[in-house]
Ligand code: PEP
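So this first bit is one chain, no partners, the form predicted on its own, shown in structure tokens.
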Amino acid sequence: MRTPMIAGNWKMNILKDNDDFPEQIYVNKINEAIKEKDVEVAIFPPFTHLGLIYGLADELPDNKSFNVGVQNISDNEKGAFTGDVSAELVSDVGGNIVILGHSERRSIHKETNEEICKKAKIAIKNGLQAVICIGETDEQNQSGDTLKVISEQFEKSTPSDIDVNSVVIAYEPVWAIGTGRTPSIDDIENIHSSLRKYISQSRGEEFANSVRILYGGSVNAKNGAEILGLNNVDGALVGGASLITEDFVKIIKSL
């Protein structure tokens, strides 16, 4: 049985002590939602907020299903790499999960599958669960190359010799991120089903049946329940809606 995960990617947003976004209330409401559902929640604030959010979550009576992590790590373990943050440093201050290979990292920072795979190995070595993002562009989608693209990204970005519990896959069609556009419900189900079938052929049936595949791309409080109700969708990677407490909690509760 795959426990669903709802992940909130804050990207480069939210200031400390923002009156419109009280972090303590945010954490408390998520904790209440977790108690109602069999779900894991992961929050990915900017690096500057990691200690704050982890500290709030760590004070909860039962925080086993509340994960706090970061949106990227260095592909070096330590050393003279000014401006980089290592997996070990994240783990040292309480982080336990990391997003890798987000389309914005792939496109803006030109990260390759090979670099993402290297980061995933380092993350897992240091006790971080790796959420590996894959997804096609609008042009690739229109050309009918979605499965080809995401299968190759999965194969080359995901280490081959890993425990299934150390990795989560997030399918995010690039053309749907932050645009308000989403694939049809049938398309999401077909893509997730086809991807799981490919993973079964590549990594074995046991791995494929156990690995969680999240959907991301303009998930919100209105469409969350329908998307999360699909058989092969094991949760959601949420962007903008994760910055609105009521909307994010509604997505969690829609499971």
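This structure is a prediction, so every number in the text was calculated from the model and none was measured. The first residue of the sequence shown is number 1, and the count goes up from there.
The following text describes the form predicted together with this ligand, which does not appear among the structures shown.
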query	finding
Answer range among 23-31, 210-218, 37-45, 189-197 for contact with this ligand, defined in the predicted complex as heavy atoms within 4.5 Å	210-218
Sole residue of 150, 122, 176, 169 within 4.5 Å of this ligand in the predicted complex, by heavy atom	176
Sequence-ordered residues of 2-32 touching this ligand in the predicted complex, heavy atom within 4.5 Å	9, 11
